[in-house]
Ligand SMILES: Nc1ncnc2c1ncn2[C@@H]1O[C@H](COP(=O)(O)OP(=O)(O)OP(=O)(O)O)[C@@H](O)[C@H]1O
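Before any questions on how it binds or moves, here is one chain, the form predicted alone, in structure tokens.
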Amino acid sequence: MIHLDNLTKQYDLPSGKAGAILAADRLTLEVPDGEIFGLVGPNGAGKTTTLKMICGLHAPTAGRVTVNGIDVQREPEEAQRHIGYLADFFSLYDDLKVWEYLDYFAHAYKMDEGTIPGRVDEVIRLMNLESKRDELISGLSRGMKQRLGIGRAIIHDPPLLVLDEPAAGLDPKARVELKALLKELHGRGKTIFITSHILADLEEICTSIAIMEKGRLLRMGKLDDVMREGKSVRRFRIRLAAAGFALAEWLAARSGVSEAVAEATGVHFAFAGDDLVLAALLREIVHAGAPVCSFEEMTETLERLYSRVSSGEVM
């Protein structure tokens, strides 16, 4: 669905300053049809610039973007028929009613006149905005406005939906509703390319991810593969029933153990051995007199992975 080939975007520094900023540095990436693809990175990593080049809103300095086999630079109008884009900050016309707003953009996309009323009604149902159909946009909540923005992005039924920080500013209930909506759109055959700072949400809905920093892609692939890749050690947490045993110091002296960090009621640590060696270590801990009341493996999360990759601990 999306193919980036050595995509580069360079911004010259202000007048009087030498050099340039690489917002996107030779990005090569493929997003297959049917993915929910998450792009992760800090502010200034180049995520929004990349999304805008995918949508044809920014021209690349070098490289090429194709969407559904269409060169975005060479055939921009045709490419737009295949893309629904929602920016992180988007404008709504407060003095229009919900249905009028969708109707306006359906005409802007040059949809067939006879299909517009039915499509507007369909999108209103899909976005769960039936009760707001005839209300002015000015009276909608933040979550409702976000739904309407997504509705506008899909009014022309594009196969690709590109969302830049769609959960920003939403309360927890609205975030849950947004995730359910994106899953439903994915189930209807949409490919979704999304950025977000809320990594737990991306981990829950994405099928693939890429980690981006300073214009470069550090890791990318299927979510499960990326989470496992480069994981040379496992992490564990031990909780003690009572204080008094210096478990972190005791563990730090053992072979295969690293990063032993004391907590209020125990310790967490990294371990490079197999299960048999781990079982022997646990027996030693108990025999040494540590009042162990729980022992668990800490599963990898996207937030932990991102923190480690961005700090250079894992590449």
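Everything numeric in this text was worked out from a predicted model, so none of it was measured. Residue positions are given as counts along the sequence shown, with the first one as 1.
The same protein also exists as the form predicted together with the named molecule; that form is not shown, yet it is the one meant from here on.
Proximity of residue 305 to the named molecule in the predicted complex: non-hydrogen atoms within 4.5 Å are absent; the residue sits far from the partner. The named molecule is not shown here, and in the predicted complex it never comes within 4.5 Å of any heavy atom of residue 255.
The named molecule is not shown here, and in the predicted complex it never comes within 4.5 Å of any heavy atom of residue 32. The shortest heavy atom separation between residue 295 and the named molecule in the predicted complex exceeds 4.5 Å. Proximity to the named molecule in the predicted complex, taken as a non-hydrogen atom within 4.5 angstroms, holds for one residue of 38, 60, 46, 266, which is 46. Between the named molecule and the residues 165, 177, 122, 201, the one pair within 4.5 Å by heavy atoms in the predicted complex involves 165. Stretch-level contact analysis of 245-253, 66-74, 38-46, 272-280 against the named molecule in the predicted complex, using heavy atoms and a 4.5 Å limit, identifies 38-46.
Residues of 117-140 that come within 4.5 Å of the named molecule in the predicted complex, judged by any heavy atom, do not exist; none qualify.
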